[in-house]
Structures are given as C-alpha cells and as structure tokens.
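Single chain ahead, written as structure tokens, the form predicted alone.
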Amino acid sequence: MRPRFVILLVAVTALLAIVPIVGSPVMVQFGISTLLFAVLAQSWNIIGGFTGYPSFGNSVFYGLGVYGTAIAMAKFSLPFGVGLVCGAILAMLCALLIGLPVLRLRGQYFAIATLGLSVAMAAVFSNIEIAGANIGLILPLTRADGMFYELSLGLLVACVLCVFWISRSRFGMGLIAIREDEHAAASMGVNTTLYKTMALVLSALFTSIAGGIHAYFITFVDPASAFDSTLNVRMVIMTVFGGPGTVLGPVVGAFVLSAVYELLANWISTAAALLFGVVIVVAVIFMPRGIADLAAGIRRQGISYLLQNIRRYRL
C-alpha cells in the first residue's frame, strides 16, 4: 500500500471521526446519510466500475440488509450486530444464487434483469407476514446518532480498503479484463463466472450492511423504501460522477453530490431535484469520465485536458 494513500486515508478518517464531537446533531445526521451513500456508491463500483456490469439490482441487496436486520430485531429481539450479520448473509446468498444465471447476460439485458429483480423483491416482501407485509416493521427506538455515524464511517473505510485491494490484486486485474473484453479474458484463463460472482457477492456484502445500519437509524422499514430502485440510480450517478473503476472516485462523487443536493434543498427546496439534475448534466459534459479522471488529466496536461475532453466527446 502506497504511503501517500495511507496518509490521506488516515487524515481524512481522523477529520471525519471528530464530526460527532464538534458538529451539530443536524450535521451528524447528514454525515450518516452521506457516509452510507458513499458506501453504496463504492459497493456499486465493484460490480459496475471494475467489472463493467451495470447493475440495477444493488437496491435488492440493500433491501435484504434492511429486512434482515429489521426482522431479527423486531420479530426475534436479537441484538443489532446479529441483525446486521443476518442481513449480510441473506444478501450474499441472494447474490450467489442470482449471480450464476443473471451474470450470463450482458449490457442492457443485464441491467433490465436486475431492475426487474428489484421490483419483484419489493412485491415478495409486501406479502410476507414476518416482514410486516405492506405495513412494514418498527425497530426499537434509539438516539445513538454518534454510534451510527462511527459505524457508517468504519464501514466506508473497510469498503475503500477492499476496493483498494481489488485495484492492486490479481482478482481486480481479472475484473478489469472482463470489463474490457470478457471473451479475451476467458481465453487468457480468467474464470469469468467465478470472478463476476465474487464481485457481485462483495458488492452485496457492503450494500446490505449499509442497509442494516440505515434501518436501525430510521427505526422503520417498508417494502417501498427498502427496495426503492431510485436508490440504485443515485449509486450509479455518484459513481459515474466521481469516476468508475477508481478507488476514491465514488466516495468523492457521493460527498460532492450529497452536499450539492443538501445546499439546493435548503435554498430552493421545490426545484432542488431539477437543479441537481442540471448540475449532473453539466458535470458529465465537462468530465464524462468522472472527477478522478479529470483531476489526473489536469495534473498531467493542465486546463487543456478539459478542452480536450469536450472536443473528444463532441459535447
């Protein structure tokens, strides 16, 4: 691991860790939401950025993490930690079972199949009594915002370290080879089915834990919010905005876009979503490969790299 990366990670983590001490309750709650979105974006980056499979099914893993935790706590009175483990196991088993058939699809067919899975899972949980059906479940009330913040931060650090390992490992090189040309990767000896399934399971692990933390934080879950497909859209946008296939790009994208949306919502709440979309469109025009690529390009070539981007993509 490079010393600069270690120093940067430690410094940023230390600064974020003191937010519950020096920040207001509103800032802490915003921090929890932002950290969890960063985890979701980074998790999607494993399957979408490194492997090149545009998954719209990560909201399924999020929902399974939500319900795994909620059912364990609300129905069986199990501790929060046990609930997180239950949700993570449920999501990873789902990723393993659906990964083998669905990952045989490519491109838009894979995206449509995973999107349909999210809709189907919401319908299934709407009819399961132990999951509260359409009414939902209420978890034990707690006011430990500091705990949720530190858990979210710890999960994000673990996710970033995992992605850093992927980017430097043989496994990660195999995922990138699949992204660039799956047939060529297979001919070079890469077990594409195994690698893709492992990437999906890893993505499900972190996504489900984030869902479990959020479930206990808001203390109420229902199928519509747990399996909300628009959540997956936000994961994709944040990853693409920051830089897919990079270590820190999705985290930066999540932080920047969360802050922009919060500012717009405070200033002009009714038009926040519209202006948020405008910000994204402008960003895609000037940096179609994300913030990480733009920063690296400007460091190498200066501002001319920005102009080259515009000319290259004819925007």
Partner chain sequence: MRYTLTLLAALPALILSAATLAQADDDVITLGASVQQTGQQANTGRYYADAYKLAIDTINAKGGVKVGDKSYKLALKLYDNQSDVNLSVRQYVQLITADKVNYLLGPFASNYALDDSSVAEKYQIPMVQGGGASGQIYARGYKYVFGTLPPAEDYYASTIDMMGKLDPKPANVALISADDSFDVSVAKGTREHLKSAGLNIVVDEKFAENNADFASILSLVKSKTPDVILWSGHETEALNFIRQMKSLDVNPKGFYAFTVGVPTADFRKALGNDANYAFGMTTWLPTDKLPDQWFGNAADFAKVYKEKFGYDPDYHAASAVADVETYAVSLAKAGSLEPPKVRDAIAAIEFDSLYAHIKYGENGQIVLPQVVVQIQNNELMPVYSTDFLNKPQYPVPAWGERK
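Here the structure is a predicted model, which means the values were calculated and not measured. Residue numbers count along the first chain shown, from 1.
Below, we turn to the form predicted together with the partner chain, even though it does not appear here.
Enquirer: Is His214 close enough to touch the partner chain in the predicted bound form, meaning at least one heavy atom pair within 4.5 Å?
Expert: Contact check for His214: yes, within 4.5 Å of the partner chain in the predicted bound form.
Enquirer: With the partner left out of view, is Ile18 within 4.5 angstroms of the partner chain in the predicted bound form by any non-hydrogen atom?
Expert: Outside the cut-off, so no.
Enquirer: If we define contact as a non-hydrogen atom of the residue within 4.5 angstroms of the partner, is Thr197 a contact of the partner chain in the predicted bound form?
Expert: No, Thr197 sits far enough from the partner chain in the predicted bound form that none of its heavy atoms falls within 4.5 Å.
Enquirer: Just checking whether Asp145 would be counted as a contact of the partner chain in the predicted bound form - the rule being heavy atoms within 4.5 angstroms.
Expert: Residue-level check for Asp145: yes, a contact with the partner chain.
Enquirer: Select, from the options 130-138, 72-80, 88-96, 202-210, the stretch whose residues sit within 4.5 angstroms of the partner chain in the predicted bound form by heavy atom distance.
Expert: Partner-contacting stretch among the options: 130-138.
Enquirer: In the predicted bound form, does each of Ala14, Ser152 and Leu155 have a heavy atom within 4.5 Å of the partner chain?
Expert: Looking in the predicted bound form, the three residues Ala14, Ser152 and Leu155 all stay beyond 4.5 Å of the partner chain (heavy atoms).
Enquirer: Scan 289-309 and write down, in order along the chain, each residue with a heavy atom lying within 4.5 Å of the partner chain in the predicted bound form.
Expert: Ile291, Ala295, Ile298, Arg299, in sequence order.
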